[in-house]
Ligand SMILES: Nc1ncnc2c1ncn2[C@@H]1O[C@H](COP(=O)(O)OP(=O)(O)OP(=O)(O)O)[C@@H](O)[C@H]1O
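The chain below stands alone, shown as structure tokens; this is the form predicted on its own.
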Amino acid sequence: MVLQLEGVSLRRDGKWILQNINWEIKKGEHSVLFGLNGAGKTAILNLLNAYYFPTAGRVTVLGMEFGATYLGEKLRKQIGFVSSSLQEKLHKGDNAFEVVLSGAFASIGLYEVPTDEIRSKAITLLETLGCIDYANQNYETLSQGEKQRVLIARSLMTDPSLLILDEPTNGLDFIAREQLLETIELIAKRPDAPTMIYVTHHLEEILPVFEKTVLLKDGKVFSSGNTNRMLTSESLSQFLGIPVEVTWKNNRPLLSKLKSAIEAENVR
């Protein structure tokens, strides 16, 4: 089991952010965490990375139980984390190659001298993810899509057991988004792929490789299960509180809002 959250609740600043979360992920089982803004997705990610500890309940990530084992760097070196919030913490002036190298040490910036083996691995990842042409460019000068590819390469430097992709397509145009999603799908299909969690509030980004979905609403699990059963017109209409229609094209879901009876009458 890669992840086990059992009755997990989190209270911050006198407010319950998460309540009674139950969630399990098996090795190789790629999952989606889907919820609107403010649903509690970021709080769960902070828990998984051991930045927060639960107020109640039990959290076990990669065999390490919170409160029973020292976590910190030991856990985070086994988790690849890609988030736009990470971009803001990177050192100004670092080029793409240096950013990827820093992933080997789970650090922001390079404070240790990389070995030849580490450098070789970074180059291989840059080539695999199509970043090698801008490896020596300042990270800040790259496009948003290029930055995200570099962060994914960085996250894979430690051969993580778990890869978390937090809203990775934010700020991307359609072409850049689809190119990045193709890259993610290729990673997921590799025989040595880490177990992946894809966090989003955009339904159309959910790829066929993500077989499980958790719907998170107001800090609670609304429902969870097989993606094709979670992402239906009926279930998402209940989840969102408005009538919507889910259609599937190329094994990916598309979401559209249905007219209410009153709206339909006004149109007529």
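Because the structure is predicted, anything quoted here is derived from the model rather than measured. Note that residue numbering follows the sequence shown and begins at 1.
Heads up, the form predicted together with the named molecule isn't pictured, but that's what we're talking about next.
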query	finding
Triplet 17, 40 and 52 all within 4.5 Å of the named molecule in the predicted bound form via a heavy atom	yes
Interface stretch in the predicted bound form with the named molecule - options 23-31, 41-49, 229-237, 206-214, non-hydrogen atom within 4.5 Å	41-49
is_contact(residue 259, the named molecule) in the predicted bound form, heavy atom dist at most 4.5 Å	no
The named molecule contact in the predicted bound form: residue 252, any heavy atom under 4.5 Å	no
Contact flag, residue 201 vs the named molecule in the predicted bound form, heavy atom cut 4.5 Å	yes
Partner contact for residue 36 in the predicted bound form: the named molecule, 4.5 angstroms, heavy atom	yes
Contacts with the named molecule in the predicted bound form, stretch 163-185 (heavy atom within 4.5 Å)	167
